[in-house]
Every structure is written in C-alpha cells, then in structure tokens.
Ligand SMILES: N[C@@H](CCC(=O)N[C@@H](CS)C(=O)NCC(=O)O)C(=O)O
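Given as structure tokens, the chain that follows is alone and in the form predicted on its own.
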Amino acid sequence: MFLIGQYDSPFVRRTAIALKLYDLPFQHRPWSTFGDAETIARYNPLLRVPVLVLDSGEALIDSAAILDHLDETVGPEKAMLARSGVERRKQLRTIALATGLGDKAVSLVYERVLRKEQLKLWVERCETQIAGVLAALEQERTAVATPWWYGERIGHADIAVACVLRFTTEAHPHLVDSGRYPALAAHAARCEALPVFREIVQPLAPPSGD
C-alpha cells in the first residue's frame, strides 16, 4: 500500500507516524495537492490528502477514516484508541479539537498565500478559534499526570496534538507562545524526541500564491 501526501501536512504526518508505530509497511508518494492535483484526483476527487491506497487498490480518504482502518487491522490490543465507552469519547474529543485546530491553521495559510486581499473578519475568526482550542488543550494536558494524554502509552490523541502543534507553530508562530502553553510545549517536545517523529517530518512548504 502507499500513502499520498507530503509530511508538512499534519494530517498526512499523523497517518504516517501511526503506520510506522503499527509496523505496517507502506510506500510514500509525496504528491502535492497543487503540483500533482491531476494524479491525486485519480484517488480522491476532493484533491485532499492523506490518501492511503491499499494493496487491493481501494483508496481510503481522510486521516480519521484511515486510522480507523489501521486500528481495525492491528486489533484492539494494539490500537492507539480506546475501543468503546467514555474513554473512547474523551479521546475522540481531544483528537477532534486537535484536527479542528489543524484545519483552521491550514485555512490561514491558504488565506495568506492565495488571496491577494485577505478577509480580515475571517482571519480574526480563525485566530480566535485557534486560541480557544490551544487554551482548551493546554487545560486538558495540564490536568494529566500520566506520560501520555490517556495513559502509559502513546495514542492517536498524542500524535494528532503534536503534529498539529508543529504545523501551527511553523505556519503561525505569533499564535503559539510556548510560555503561554507550557504543558502543550512539553507534550510536543516529548513526541518530537521519538525516533518515528524525527523520521516522519518535513519543514513547512506552503503553496505559492503566484
């Protein structure tokens, strides 16, 4: 199977890291949604990444759907998400906050580089949403005493938060103050120190506005 997308996307990166942690072999196709749009369209008409193309030829789109398939593949004992109940709902909420933050951070990048005249109201709304989610995640992480967000081993929530934090910090450094979010900064540092995070990484390369 192969994974489509560049690792500067927090969504592609979180998927690739999960594949590595699950010891599931894959090939990487670092195609750009702008430069390689026609190629990606063959697998996802939305022209979005990540896309995971299985050995059968089936193309899975959206990181949440891909990770759901991976969890099913490795089984509940190894899966990095609780199988059911309150714990699962809590983890999914943290992941939703992180990925929502990522969506807003990506939107702001496109607003900055693709629109000649930025819509001030939209920018302010995105920045307000980002600040609110960062504050909520900081409060959550501060209350956690275990090494990882939901226990003694890394999970999808940990990966999602770390990947989105890196992207947001690189794309919008004025919005992410490590002094204001010390628990999140410590969490990100713990994740980024892992070999798999050091392997699956790419400096942000935003699309050109030309």
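Note that this is a predicted model, so its numbers are computed, not measured. Each residue number is its position in the shown sequence, starting from 1.
The form predicted together with this ligand is left out here; the points below concern that form.
Picking from 105-113, 85-93, 69-77, 124-132 the stretch near this ligand in the predicted complex, with a 4.5 Å limit on heavy atoms, gives 105-113. In the predicted complex, residue 50 approaches this ligand with a heavy atom inside 4.5 Å. Of the heavy atoms in residue 11, some are within 4.5 Å of this ligand in the predicted complex.
Contact check for residue 168: no non-hydrogen atom falls within 4.5 Å of this ligand in the predicted complex.
When contacts are judged by a 4.5 Å heavy atom cut-off, residue 62 counts as touching this ligand in the predicted complex.
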